[in-house]
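Before any questions on how it binds or moves, here is one chain, the form predicted on its own, in structure tokens.
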């Protein structure tokens, strides 16, 4: 046994469905081990400001399948705020926190890795709809986001068919195109345009023309927000506290280019935050329990400074430094498979 008496949990960065499932499962498992657990309000901001909430089975009992995060979140980088790290260490000490569980994406896990170097016992959990974290098959939130993308897009397809329209649907994915690829295959889309591979606009236009000559006057393409495209435009040009440019709206530029080249103006839809919300996907909820199991095992065994991943539906450990060393991306075989299923004309 590790001797841990009290754990604390925070969720950072963009929220996603199934976080609450993870929180519920972790609270139940830790209470069975007679380990207390606290919730940190709004990620690292709550640690800086000493904003803490108690968590117990009564608090979390009804969370199954609910979206968002009961402890709140924020994009707070304590290493960009003077004196913030010292305040975090003081909060941890004054609340007698033995281990800090940090659920989030690359930015959240990077701070967790740095806090480990400050002497804090940290455990990371990959929570991001982009699914771009190394060391795990899936991240919390990915399957729920795919569900939302598919449901929203299917509601629009019938109108495109009725009006003989092409449609470009923009989904999240700054550097990784997992959302676009997975949803394209499920929806039978003409293809997926993702950050990992250059966009060949001429080939895309030729595909649209070939399909239309064959008699199919409507079409669908899934587009990651992070593709690089001359003529594309951002809906916002500000940078967040981790230095990431806020993306959105590349499909507007792409639609204009297609129109100029072949005289076909696709409809565009930017799904935005609808991808993050709503009830969790069933598989996402199940995997969240596996993540919680891995955290509980790590606490009992005194394994800190690692991220708990899920590989083949079993908990797996990877050092935090390795998990954040680079972004997980879509491989060429998966990309080509997704596009081959749509380019059939």
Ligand code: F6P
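Numbering follows the first chain given and starts at 1. A quick note: this is a predicted structure, and the numbers were derived from the prediction, not measured.
Below, we turn to the form predicted together with 6-O-phosphono-beta-D-fructofuranose (F6P), even though it does not appear here.
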| query | finding |
| --- | --- |
| The unique member of 172, 254, 100, 146 whose heavy atoms fall within 4.5 Å of 6-O-phosphono-beta-D-fructofuranose (F6P) in the model of the complex | 172 |
| Contact residue in the model of the complex, chosen from 111, 129, 192, 125 - any heavy atom within 4.5 Å of 6-O-phosphono-beta-D-fructofuranose (F6P) | 129 |
| Proximity to 6-O-phosphono-beta-D-fructofuranose (F6P) in the model of the complex (heavy atom, within 4.5 Å), stretch among 56-64, 285-293, 312-320, 272-280 | 272-280 |
| Interface membership of residue 75, 6-O-phosphono-beta-D-fructofuranose (F6P) in the model of the complex, 4.5 Å heavy atom rule | yes |
| Exercise: residue 225 in contact with 6-O-phosphono-beta-D-fructofuranose (F6P) in the model of the complex, heavy atom 4.5 Å | yes |
